[in-house]
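In structure tokens, the next block holds one chain alone, the form predicted on its own.
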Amino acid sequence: MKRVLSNKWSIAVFVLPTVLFFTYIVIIPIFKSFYYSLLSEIPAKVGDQSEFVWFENYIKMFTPGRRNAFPEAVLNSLYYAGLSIFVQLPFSLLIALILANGVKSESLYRNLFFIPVVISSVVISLLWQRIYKDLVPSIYEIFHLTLPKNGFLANKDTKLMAVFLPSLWQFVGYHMLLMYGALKSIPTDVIEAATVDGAGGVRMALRIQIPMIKPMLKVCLSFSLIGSFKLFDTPWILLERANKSLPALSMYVEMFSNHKYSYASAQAMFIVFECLAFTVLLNILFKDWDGFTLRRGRRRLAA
């Protein structure tokens, strides 16, 4: 086995099929979408003419206008990403810390929180649709409360939160399990040494456990950000079909309802660039965090 792994040609032979497959289903479509986004329109059949308009479709996306809902969709996706980062991930981390520090029936609770993750997003969306349309109005009626105008799913002020709650319920267990696994991988001698030094509870979490699972926190943040920017299935089912309140929804409507394929390709490329830009920003922030932690450790040693 060592002999095979030491041979670069052998490694290339094993890796090549995966590279080719990834290139065919990911890399080539991205470049084709970018090419189409620079055209006035995608040719419907061989022989049709189309001209380059370069970045006109990108400019059109952010040109102010009553009919242009894409800038608002981008702001909504940023709002959703903020909710995911500052509500969903802290809640997942809190559950992971509680379970990792030992509770009765730990494995039972861990599995219960993870069950929604394995359920289809379509099923989750349909379930919450019934909750918003049947159960919630009944509860409001019992307590003599006033429902938002047009209900939670059609009201401009509540529809984003109505979409966020099912995602919170579904994916909090996913991030919890990732963080839980990272917490459980912390060496026991580190935890025991910190306990002997008097660390416990909140102090143990803030000083020892959370800093030591920083790589996993970075992974969860990346997944959360990218998932927020390309979210499609849950809002597509919960909200009305022609809704363009999120970038992925807007792209779908422009392509398959309005048949503006080049314009939709530009929106698709914007989602790709947005995910890439925030991933790079996240890497920079975590490098700065590493540098800050290292400098603080050196100052403590010097003192």
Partner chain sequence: MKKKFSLGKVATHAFLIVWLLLCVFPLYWLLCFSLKDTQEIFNGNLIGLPTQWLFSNYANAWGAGGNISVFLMNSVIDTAVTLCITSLMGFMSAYGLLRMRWKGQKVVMTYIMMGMMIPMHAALYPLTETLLPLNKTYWALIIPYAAFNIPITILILSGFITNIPYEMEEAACIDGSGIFRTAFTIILPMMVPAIATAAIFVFLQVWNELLLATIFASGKVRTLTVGIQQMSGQYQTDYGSMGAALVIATLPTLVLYMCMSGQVQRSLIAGAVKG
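Note that the rigid core is defined as the largest set of C-alphas that superpose within 1.5 Å between two forms. Computed from a predicted model, the values in this text were never measured in an experiment. Positions refer to the first chain, counted from 1.
Keep in mind that the form predicted in complex with the partner chain is missing from the display, and what follows is about it.
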Contact flag, Leu38 vs the partner chain in the predicted complex, heavy atom cut 4.5 Å: no
Proximity of Lys32 to the partner chain in the predicted complex, heavy atoms at 4.5 Å: yes
is_contact(Leu94, the partner chain) in the predicted complex, heavy atom dist at most 4.5 Å: yes
Close approach of Asn155 to the partner chain in the predicted complex, 4.5 Å, heavy atom: no
Which of 143-151, 206-214, 166-174, 67-75 lines the interface with the partner chain in the predicted complex (heavy atom within 4.5 Å): 166-174
Option touching the partner chain, based on a heavy atom within 4.5 Å in the predicted complex, out of Leu160, Ala100, Leu83, Leu178: Leu178
Members of 137-157 lying within 4.5 angstroms of the partner chain, judged by heavy atom, in the predicted complex: Ser138
Large Cα move at Ile59 between the shown form and the other one, threshold 2 Å, rigid core: no
